[in-house]
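In the block that follows, a single chain appears as structure tokens, in the form predicted on its own.
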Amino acid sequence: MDIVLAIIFGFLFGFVLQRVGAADPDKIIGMLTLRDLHLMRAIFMGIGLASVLLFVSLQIGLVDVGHVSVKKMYTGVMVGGLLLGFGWAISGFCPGTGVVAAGAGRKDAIAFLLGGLVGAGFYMCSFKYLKDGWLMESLFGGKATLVTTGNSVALLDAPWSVALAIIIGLVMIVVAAKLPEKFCD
């Protein structure tokens, strides 16, 4: 049943990405160059809404904290994030939107995905040489979050930190609502 739900949610997520224009490299590059903020609004709204719903659900016990998985933070994640950002800006795709665009028949997305697989293969083959180096040094104590979630390290370990996380989510929702469609031309 889990695989069926994953497929259903995957198709729904892909539909939403296609609908908001996230699978269109022109929309992505327009967002990154601040010419078309429609996609940025959608991203801010999604992150803000998900954050508010997550932290409220954790507080009222609707979601068990054991279901929240926080990945380890290390230097390589920062380097990889920069590489992903550059690749996103150059190609107009990130891994998720590349799959959606390839599913829609875009040949440039297929080339993007093949390049990503080559890069992942290169990383996998070189991992044994990288695993003991500076790229794998923990940052912020390893598993770090804004507030305490499970066995992660809270950057803000205070009674009011959950309220702050909810406020940050609400601010992102407000920013999404106030962003203009176009910033500059």
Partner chain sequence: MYWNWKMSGIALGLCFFLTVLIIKPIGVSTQFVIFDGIAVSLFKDDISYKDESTKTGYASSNAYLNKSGGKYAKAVSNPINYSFIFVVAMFLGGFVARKLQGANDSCSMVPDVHKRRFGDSRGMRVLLAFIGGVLVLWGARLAGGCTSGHMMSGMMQTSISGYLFAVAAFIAAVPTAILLYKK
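Numbering follows the first chain given and starts at 1. Everything quoted here is computed from the prediction, not taken from an experiment.
Another form, the form predicted together with its partner chain, is not on view; read the next lines as being about it.
**Q** Give a yes or no for Phe122: in the predicted bound form, does one of its heavy atoms lie within 4.5 Å of a heavy atom belonging to its partner chain?
**A** Taking the distances in the predicted bound form, the answer for Phe122 is yes, it comes within 4.5 Å of its partner chain.
**Q** Examine Val16 and determine whether its closest non-hydrogen atom to its partner chain in the predicted bound form is within 4.5 angstroms.
**A** Yes - in the predicted bound form, heavy atoms of Val16 and its partner chain come within 4.5 Å of each other.
**Q** Report whether the minimum heavy atom distance between Ser57 and its partner chain in the predicted bound form is within 4.5 Å.
**A** Taking the distances in the predicted bound form, the answer for Ser57 is yes, it comes within 4.5 Å of its partner chain.
**Q** Looking at the partner-bound form in the predicted bound form, is Glu137 within 4.5 Å of its partner chain by any heavy atom?
**A** No, Glu137 sits far enough from its partner chain in the predicted bound form that none of its heavy atoms falls within 4.5 Å.
**Q** May I ask you to list the residues of 165-182 that have any heavy atom within 4.5 angstroms of its partner chain in the predicted bound form, in sequence order?
**A** Counting only heavy atoms within 4.5 Å of its partner chain in the predicted bound form, the contacting residues of 165-182 are Ala165, Ile168, Met172, Ala176, Ala177, Glu181.
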